[in-house]
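What follows is one chain in structure tokens, specifically the form predicted alone.
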Amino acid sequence: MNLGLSDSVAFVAGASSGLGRAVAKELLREGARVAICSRNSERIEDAAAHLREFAKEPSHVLPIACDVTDEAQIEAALDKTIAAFGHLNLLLTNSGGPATGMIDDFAASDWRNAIELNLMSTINLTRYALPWLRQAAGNTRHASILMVSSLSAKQPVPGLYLSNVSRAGVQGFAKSLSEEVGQEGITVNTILPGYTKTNRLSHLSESLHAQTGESIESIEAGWSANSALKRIGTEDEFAAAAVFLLSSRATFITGVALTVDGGAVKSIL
């Protein structure tokens, strides 16, 4: 299937590793030009070197050091993207997950930090990208926003209070925005990964092991058992779904929260 992404321009946040980098790789394979960001300059340069193997031209990968909790850095990163590529069609909002723990483990500052990391970064990335996405949509180019959330937004996960709450906020923002900008030709969706083989998942299993004493093998086996497919997903499986939602083949899909979780969420709707 031709996804119609050749010569599109994408901005992918949280792309130094894991799901963000996997999505950037898939976009490059489809012929897009991609700006990638991470707060660590060395890590994003390393990611760019890896991703250029999948690009039509080395210049199609633009690494940018940007802390997505810093509004000024977000604005500067998007300005660099436009300066390099001329326009913007696609935005993937993405950030790391907050700490694990139970209610008594967190101070008010922990809650504020989680909201800044997961919700406010999504809002601010969208706010600063929207003028360029509107321009692209107005020029009859495809324009799409995809927000990486988590299955915890639909089915809260024990020990992930900060993620459960902040990710749910992303869902409310995305659905509200899809209603506003749909008439302008911009699609807005969220994608909710389940348990996927990333460094973040390894850190989560290690943290839960430290808190509960349960072995990492047992924790990961439990995650697998809770899904219909009885396994943990891969980064490439997640990226394939994400890039489809960003593509011009998904222009009549908006306001959707797609779980990519192997059937771990048990709700009917």
Ligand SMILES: NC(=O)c1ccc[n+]([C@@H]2O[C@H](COP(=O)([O-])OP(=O)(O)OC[C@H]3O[C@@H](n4cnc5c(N)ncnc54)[C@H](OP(=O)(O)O)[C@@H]3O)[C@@H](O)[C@H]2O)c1
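Quick caveat: nothing in here was measured; it's all calculated off a predicted structure. The first residue of the shown sequence is 1; numbering continues from there.
The form predicted together with the ligand is left out here; the points below concern that form.
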ask   = Is the gap between residue 156 and the ligand in the predicted bound form 4.5 Å or less for some heavy atom pair?
value = no
task = Evaluate residue 126 for contact with the ligand in the predicted bound form, applying a 4.5 angstroms cut-off between non-hydrogen atoms, and reply yes or no.
result = no
query = Do residue 199 and the ligand share at least one heavy atom pair within 4.5 Å in the predicted bound form?
reply = yes
ask   = Heavy atom to heavy atom, is residue 96 within 4.5 Å of the ligand in the predicted bound form?
value = yes
key: 43, 231, 52, 29 - the one with a heavy atom within 4.5 Å of the ligand in the predicted bound form   = 43
message = To verify the annotation, which of these, 162, 117, 186, 77, has a non-hydrogen atom within 4.5 Å of the ligand in the predicted bound form?
response = 117
query = If we take heavy atoms and a 4.5 Å cut-off, which stretch out of 169 to 177, 100 to 108, 127 to 135, 87 to 95 is in contact with the ligand in the predicted bound form?
reply = 87 to 95
message = If you apply a 4.5 angstroms heavy atom cut-off, which residues in 133 to 147 are near the ligand in the predicted bound form?
response = none
